[in-house]
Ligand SMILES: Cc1cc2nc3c(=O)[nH]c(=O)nc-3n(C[C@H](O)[C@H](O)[C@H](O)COP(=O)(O)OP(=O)(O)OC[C@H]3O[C@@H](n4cnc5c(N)ncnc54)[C@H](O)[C@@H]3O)c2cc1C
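Coming up is one lone chain in structure tokens, specifically the form predicted alone.
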């Protein structure tokens, strides 16, 4: 029996894979619903329309996800759309979907564009990322793309993603991002193909939960795990809502700082080891529900430093609006350090600020167009991996027999997304069987 702490997509996929291999599991989830960041929100003021709390997509190249959907009978539910991308630069919006649009991008000279294209090709040719892990991302990008492209394209994107401080971000970040996104291009690179489930990842979450229960696993919601119980350097149980549950194998899928809180004094050495690399960025994300479309783009990247968002994600340029009551969904994400003023703002302040910046970009956006607003906040979202810190990543197996850590910090150098999380969960399950 393996006890899995956390009912997000990682914990559920792991539980499913373990059960397929004949290992019994119990899943413990503190929330009253499953899915974590991939859960849904209901807009009661719009007749109960349901949509993703945060934006998520499935790429056409996501082999693990597609395989899971096939196994669970959901493959026929997948829609595929050719999406568009744009850049907002110096108060102007530029399409950047096709190679021709890329070559016409005004902020860059022809030489800059050639070097930018070379950067993408060079990334796809790199198979061993270990050397990149030792290089600061800015210096590496300047060597490939040149200073102008780095200043006008990469630096604003990095500043937005890492809340201003990306001095310790390794080159692996851009390498992983470019390799993943260029895999979605059709032959010739003219279109980016993306996929979706009509009811979001919640469909996969629900199907995994049903499959877990059908195979004899158990899922307990609203269960607060207070501590992992340890005796003689061996897991002996869990304390759940004040009750002692016997167990000899426990997998913590929570973010590292939360996992550390569940350790007893007897695991002080494990706590110290895990604490060597437990930095995370949080996120504030405002969902703006509109009565009409705002842009033709799924992703509008923002290089204008006056705008705080990481980008504008219009998911209804991927998901058909009919799946969300005919409305149009705009997500305005901002990754935040703990001391960021945006992390400290209350919902009213954040709404005023974000809508102000959105209207600055789109002056014709008026109040009557906005049907609803939701603000999401998460303290631990993006695990931070400084230059040269790979050896500090916590290992799956701890020094305590039967105690395991499996979370998004260990997915490095891959980016954190549905595909990498499910693939990692499958690898962990194979190792633990």
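Positions refer to the first chain, counted from 1. Predicted, not measured: the structure shown is a model, and the values here were computed from it.
What follows is about the form predicted in complex with the named molecule, which we do not show.
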85, 105 and 317 all contacting the named molecule in the predicted complex, non-hydrogen atom within 4.5 Å: no
Could you confirm whether residue 381 comes within 4.5 Å of the named molecule in the predicted complex, counting heavy atoms only? yes
Mark residue 254 yes when one of its heavy atoms lies within 4.5 Å of a heavy atom of the named molecule in the predicted complex, and no otherwise. yes
Is there a heavy atom of residue 55 lying 4.5 Å or less from a heavy atom of the named molecule in the predicted complex? yes
Would you classify residue 35 as touching the named molecule in the predicted complex, given a 4.5 Å non-hydrogen atom cut-off? yes
Ok, 224, 243, 322, 92: which has a heavy atom sitting within 4.5 Å of the named molecule in the predicted complex? 224
Out of 35-43, 367-375, 66-74, 384-392, where are the residues with a heavy atom within 4.5 Å of the named molecule in the predicted complex? 35-43
Taking the named molecule in the predicted complex and a 4.5 Å non-hydrogen atom cutoff, the residues of 1-40 making contact are 5, 6, 7, 8, 9, 10, 11, 28, 29, 30, 31, 35, 36, 37, 38
